[in-house]
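First come two forms of one protein chain, each written alone as structure tokens, so that there is a structure 1 and a structure 2.
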Structure 1
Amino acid sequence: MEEARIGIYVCWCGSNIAKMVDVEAVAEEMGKLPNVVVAKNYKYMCSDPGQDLIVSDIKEHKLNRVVVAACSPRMHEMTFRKALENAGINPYLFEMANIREHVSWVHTDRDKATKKSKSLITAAINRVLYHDPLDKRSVDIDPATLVLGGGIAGLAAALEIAGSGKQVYLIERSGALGGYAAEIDLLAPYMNSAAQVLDPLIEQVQNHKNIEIFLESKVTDISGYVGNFDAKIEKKGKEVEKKIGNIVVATGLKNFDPAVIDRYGYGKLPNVVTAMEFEKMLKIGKVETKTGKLPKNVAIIHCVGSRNPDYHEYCSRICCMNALKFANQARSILPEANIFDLYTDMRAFAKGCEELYTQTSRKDVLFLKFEKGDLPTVKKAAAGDDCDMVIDMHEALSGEDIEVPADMVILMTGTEAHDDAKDVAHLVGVSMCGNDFFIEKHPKLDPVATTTDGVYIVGNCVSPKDIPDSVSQAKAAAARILASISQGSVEVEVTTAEVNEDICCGCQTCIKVCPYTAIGYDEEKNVSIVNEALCKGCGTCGSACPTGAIRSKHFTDVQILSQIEGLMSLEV
């Protein structure tokens, strides 16, 4: 091993770190450690001048290792690796110590925070001594793309990619394109026709020469890796295989079934309807009770299945706006009716939505607030009452218990994951959160990519959202895919696992635990083998291997143990 010449750079992050850590004292002490040639502090290491400082020092002082103490590696590890590349040394001869999220942001004692920072940087110095240079690898990209889901997000992604002259295979499980949006009458907040927005989009997709549509179809198997996936598509018993380079998952969500909430009477009281059932009435322009009468009292209840710990704690986002839309439509169709809007919180946050809320409040719509833990109860009205039903509720603003008359109750049902969401997640190799939504690679910095390279998630399968947000995500994913296609190849993970065949016992434990199906088995040699194009270097196999035959590049035992030793070497 060549003699280590390490450069240490401590970031102020403006005042994010410097307000709680004495960065100058930290840099000064770290400069006294063995193998450290340069130790400096700078206000913004991630800035161009900060990166230029590293590049300059590498060349001037012949540095062959670099440690940056700053924010989370998820934010800027790639930034600093690129700086090392620009200076002519291998980017993996770098280590980052997180003294912002792990120190400054979570401590209130400046002296102790400074000492902890020194320990974390010492650990990074010890670790970087044992870093090996790793070579980048790339794979060719097949220009075809698979889109799962024919809703508005899937349609937008397919058109964007196909419009650039690339082949798209669009898979839809139902017999028609359009998804949820195809069942809607008008779109909030501007009350424009959903059909006028959606139908031209569907027509463009159906007539596009670069889009092959598979209706009433499903993908039964996906194998391979970024740029080189193989997909098996099943349609009416017949199976076809397609080669693709990237995958867009736009499978959407389904509506919550309110029958499980007994107090609302859905399925028992005939004039309690869901939002989608009311949409169907609006589409044919006929709002009436089951007996064919015009309702004199219409009640709209928010947050049915959403923002409720017994069902789903998350907000379904579109319900408030649809409720305001319904109130306006009901007022137009039933000008003499009493309209009641029973809400827990009014979330009118998108463009034009607060204005819709204000406009609705001026149309003789009575807004009544209930608390999340005190839901209204719908019951049949007593004989002789001038209404079909009565809603008992505690009105939070007045503090009074009241009865709301109703001839029709519209339940603003939330959305939830499809029943087969886990099967889809396993099929494409993505993770899920506790609500069975698909998890993005980074919620802020990479909101459409996943930890499986080449697989993108868009629209409501990620989380509930409205049409503009769904389309934005779809086009963002399309842009990422087109960028990779234009390059012709894409870099793949290099910090992968590798098998020492001399000590592998062939037990195949690693194959069972690998979350990326990246490990196979060589029957002739009786050893496991790693597909490096699929491997993400998560380390699961290495921790499960009973013989220690699997080594994770860049996370070797000696690197981790030396890091721990460095962490404990200073008195804190």
Structure 2
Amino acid sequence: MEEARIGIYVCWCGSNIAKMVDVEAVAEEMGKLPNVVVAKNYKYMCSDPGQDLIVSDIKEHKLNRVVVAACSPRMHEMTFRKALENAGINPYLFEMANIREHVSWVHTDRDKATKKSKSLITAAINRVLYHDPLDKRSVDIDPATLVLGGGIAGLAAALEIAGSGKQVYLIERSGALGGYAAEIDLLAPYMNSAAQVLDPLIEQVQNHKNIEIFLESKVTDISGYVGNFDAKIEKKGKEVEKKIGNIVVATGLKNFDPAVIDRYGYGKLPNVVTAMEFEKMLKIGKVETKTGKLPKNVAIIHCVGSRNPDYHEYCSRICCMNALKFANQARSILPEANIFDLYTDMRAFAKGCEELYTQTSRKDVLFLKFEKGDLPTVKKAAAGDDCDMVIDMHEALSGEDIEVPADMVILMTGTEAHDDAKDVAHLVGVSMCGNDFFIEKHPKLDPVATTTDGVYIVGNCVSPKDIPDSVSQAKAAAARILASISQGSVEVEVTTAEVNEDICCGCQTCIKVCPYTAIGYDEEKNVSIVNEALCKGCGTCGSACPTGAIRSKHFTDVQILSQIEGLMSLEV
């Protein structure tokens, strides 16, 4: 290693630092430390002249390392790194000492503040000695995208990406596109026709020159990393291999099977139907009991399988609105019938939904509340009763135990993850939460990305949601993918971890430590391998490695240890 030649620059920040820290004395003293070639102080280091000062010193004094003592690196680390780059040296041969936010602005004793500044700068000098030049790296992105699932979210993502002229492979396990939306007649809250909007979408997808559709297919294997995945697709026994850059997982949901809830009598009482079954009746215009009569009393029961720890604790989000839609439709098709809606909380939260709730109640739909955990029971009516079934319930808003007559009971079945969600998760390398839904990278600010770069999760496989929210997510994923493929490459983290293969003993402690599945295991060499395209540089693996084989670049053991030495060197 060439001899270190360090330049130190202490900023006044006007009076912000200078008022509390004797910057001149600090600079002078620091100048005496070994390897320090230049030590200067200046009013505004971040200003253009301040940066120019660094650049010219680097050139003049052949500096190969720079320390700036000024404000928080969160403010200006990038600024100074750029200055180093301009001067022709690697931007990572730089360290900042924060003597504003952490010293001058928070302390009141000038001597102490000055002393603290010195030790912070000494630490920075000690650290920068061990800095390595690091290079920005990027990986090329294959412009093709794999979309798993041909439901509404998958279609939306595929169209958005293909619409820009990029290749999409759309995989659907069933024989048709459209998913659950294709089975629905009308959509709450505006009661528009699902088919009228979905059919053209499907047609567009089918006729799109950039979309290759694989029906009755599944992906059997995915390997690689962001920008460079290889997918094996099995289509009717034949295997195809595709190279892709990104993956959108839109595998959707399945409906809860109400047969497991004994009290609702599904499967035993002929006129207890699921939401999907009722949907079919509406579609063909025949809302009739099994004996072909028009029902006089229709009861809709919410939260079937949802909001109940025995089945699923979560709320399925879409059933309330679907129930209101059914109530409306039932009223329309059966003008004379009594319609009862047995709910827990009416979750009419989306645009236009509260209005639908109001509108529905205006149509003489009687809403009856049962409390969470105090479910109604459906039973056959006594012989001679003028209805087919009666529902026993405790009505929470009146406090009464009541029975509700019913000739048809519609169970608003909740949604749940597919049985094979685990396989999909394993295939694409995403994690799952307790409910078998996939986990997003960040539930708030990154709801479609996953911890695996290049793999996006959208729609109902993440959590139950309605069509607009699914579509938004699909397009959000598309945006991410479009941005990266239009760049052609994606920049990867510079300060990643790296494995010293001469030391690594293959204990595999690090592998599960990584939240990004960036570490793999090379069986042949018996060492761990860091996929730097996936690594985010948190350094946790470096700390977990028992042999010291993993190095967290820019936060290496020796850098931090010598920083500590520097910090303490002025203490008695």
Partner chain sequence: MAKEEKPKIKLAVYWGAACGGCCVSVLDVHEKLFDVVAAADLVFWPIALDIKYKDVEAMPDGHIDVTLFNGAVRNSENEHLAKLLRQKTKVLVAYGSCAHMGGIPGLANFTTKDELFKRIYDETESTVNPDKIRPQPEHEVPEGKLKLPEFYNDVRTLDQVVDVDYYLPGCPPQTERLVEVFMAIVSGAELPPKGSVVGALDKAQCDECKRKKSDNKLIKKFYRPWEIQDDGETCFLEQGVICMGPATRGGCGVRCIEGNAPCRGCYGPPPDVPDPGAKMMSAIATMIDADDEEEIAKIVAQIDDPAGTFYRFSLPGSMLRRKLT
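Counting starts at 1 and follows the sequence of structure 1. Since we're looking at a predicted model, the values are computed, not measured. Rigid core: the largest C-alpha set superposing within 1.5 Å between the two forms.
Between the two isolated copies of the chain, the form predicted in complex with the partner chain corresponds to structure 2.
Comparing the forms between the two structures, the C-alpha position of residue 188 differs by less than 2 angstroms, with the core used for superposition. Core-superposed comparison between the two structures: the CA of residue 91 exceeds or equals a 2 Å shift.
In this overlay on the rigid core, residue 79 has a C-alpha that sits 2 Å or more away from its partner position between the two structures. Core-aligned Cα shift between the two structures at residue 533: this is 3.5 Å. Its Cα shifted by 19.9 Å between the two structures, residue 44 is reported here after superposition on the rigid core.
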